[in-house]
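Only one chain is included here, represented as structure tokens and corresponding to the form predicted on its own.
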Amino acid sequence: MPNNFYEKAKELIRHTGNRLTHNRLRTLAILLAEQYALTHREIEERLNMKEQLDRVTLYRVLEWLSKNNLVHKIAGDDRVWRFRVNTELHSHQHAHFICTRCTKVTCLSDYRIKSSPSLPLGYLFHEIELTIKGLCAECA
């Protein structure tokens, strides 16, 4: 993996003010290198090509990255979480495309979601998810 992904991962983690760990760095660098959201298993496979990382540690790293707004989680129809790097701080307010054949998830950054939707009086929203389903270019 090119060093520029590791350098960008270092910069992003340090920007949170938290400790830079080897596992956080490796995991974020892998996600930065991908164009699509990855499942826990796909991340684990990529990480374990060079050195082992157990599932529980990876789960904790992914939760930490999500809590610190470095990645966002996307629920697939198969009930498997997928993870994708946030390209800018708090940038998860966009749509996702899910391929109904191969289950690949793609962030659609051009489809921005209104951050303050009009809701009935007394309602308070926590998050918005917009999913577009169909066939990706490889499956079409």
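Owing to the predicted nature of the structure, the values given are computational and were not obtained by experimental measurement. Throughout, we count residues from 1 along the sequence that is shown. In this text, the rigid core denotes the largest set of C-alpha atoms whose superposition between the two forms falls within 1.5 Å.
The same protein also has a form predicted together with a further copy of the same chain, omitted here; what follows describes it.
Heavy atoms of W64 never reach within 4.5 Å of a further copy of the same chain in the predicted bound form, leaving it off the interface. Using a 4.5 Å cutoff between non-hydrogen atoms, T131 counts as a contact of a further copy of the same chain in the predicted bound form. Taking the partner from the other structure, a further copy of the same chain in the predicted bound form has a heavy atom within 4.5 Å of a heavy atom of G122. Though the partner is left out of this view, G17 does not reach within 4.5 Å of a further copy of the same chain in the predicted bound form, counting heavy atoms only. Residues placing heavy atoms within 4.5 Å of a further copy of the same chain in the predicted bound form fall in a single listed stretch, namely 77 to 85, out of 77 to 85, 37 to 45, 23 to 31, 64 to 72.
Contacts to a further copy of the same chain in the predicted bound form (heavy atom within 4.5 Å) from stretch 22 to 50: none.
When two forms of a protein are overlaid on their rigid core, residues whose CA moves 2 Å or more are considered shifted, and E127 is one of them between this form and the one not shown.
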